[in-house]
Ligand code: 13P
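Single chain ahead, written as structure tokens, the form predicted alone.
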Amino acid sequence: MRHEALAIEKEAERLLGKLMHVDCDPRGRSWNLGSCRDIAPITLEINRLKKEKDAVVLAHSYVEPEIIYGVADFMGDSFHLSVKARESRAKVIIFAGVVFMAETAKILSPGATVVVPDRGSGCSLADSITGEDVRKLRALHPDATVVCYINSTAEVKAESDVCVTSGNVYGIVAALPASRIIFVPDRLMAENLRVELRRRGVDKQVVSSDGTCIVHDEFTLGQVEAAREQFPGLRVVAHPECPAEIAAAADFVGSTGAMMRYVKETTAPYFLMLTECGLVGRLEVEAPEKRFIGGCRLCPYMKLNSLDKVLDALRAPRDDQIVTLDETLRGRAGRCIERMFELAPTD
């Protein structure tokens, strides 16, 4: 018992070293030694089971900080985690994020058992379009190349020609030979894509579907203008899932990973992060000298992930938590993703 108590105390101190910096907590928690002691037995058990079961935990930057800094083997945005899934040799992948990301992991690592902590962790973008919808768009524009944002289901990827992320979308679309592009499912990212292609002098017609992200489509110009007036020297950082007028008003627009790098490398008195609040939490841990003002929004799907659910998924995953894909569909979706890696190498 004494050995167990010492292990919990040591783990609590390790967790506190990270979590003490997190002010942006969706549950209003403040991390202290007591709250870290409360979760230490869970993180210890998860990390023990990972070794026993040859498992890794992939965690998106938007999930709870205790998952990221307590049990994640790899953390980051969709592209980074897709690379890690592709490289993984683990028998089990626990994907703390949303379901389409876990599907992508299964596509890229078919031999692994891929498990989601909560099957309800959907995505407003991925849920906005089906494979049948893509086929209808292709029929309307038979000369077009179909480009799907990674925030899409395996079914949609299987109907598309190439997958993109928010970090590589501009370069990949600019390099495609087709003059007409069908871009799914994000209407707002398509608007930003059109703006950027014009800026680069690239002449392409972009046809889009009508999905939006329930986090990023809510930011307003009034919010940006009020923040700039109140905080002189403020840097506004936005995701390309935001409306085009928000992107135009921002100091920097980029993927989740690019936003992190920008903040870490930029000197400014304040930052307004127009994205999901989990990223602010990560930056508070990894760049504690930076100052953030309000503005971020919560993704209710990402916040369905919890340490308890990760533990349950490792101990004895239910059938509904295990990601399964038809092999023909998986192969077609895999070709779409591999085309992305060909056009945007990972190194």
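Owing to the predicted nature of the structure, the values given are computational and were not obtained by experimental measurement. Residue numbers here begin at 1 and follow the sequence given.
What comes next is about the form predicted in complex with the ligand, which is not displayed.
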property	result
Heavy atom of Met101 within 4.5 Å of the ligand in the predicted complex	yes
Residue contact check: Tyr69 to the ligand in the predicted complex, 4.5 Å heavy atom	no
Contact of His239 with the ligand in the predicted complex (heavy atom, 4.5 Å)	yes
Touches the ligand in the predicted complex: Tyr149 (any heavy atom, 4.5 Å)	yes
Segment that reaches the ligand in the predicted complex - one of 27-35, 288-296, 314-322, 55-63, heavy atoms within 4.5 Å	55-63
Single option in Asn192, Thr153, Ser209, Thr256 placed near the ligand in the predicted complex, where near means a heavy atom within 4.5 Å	Thr256
Contacts with the ligand in the predicted complex, stretch 166-190 (heavy atom within 4.5 Å)	Ser166
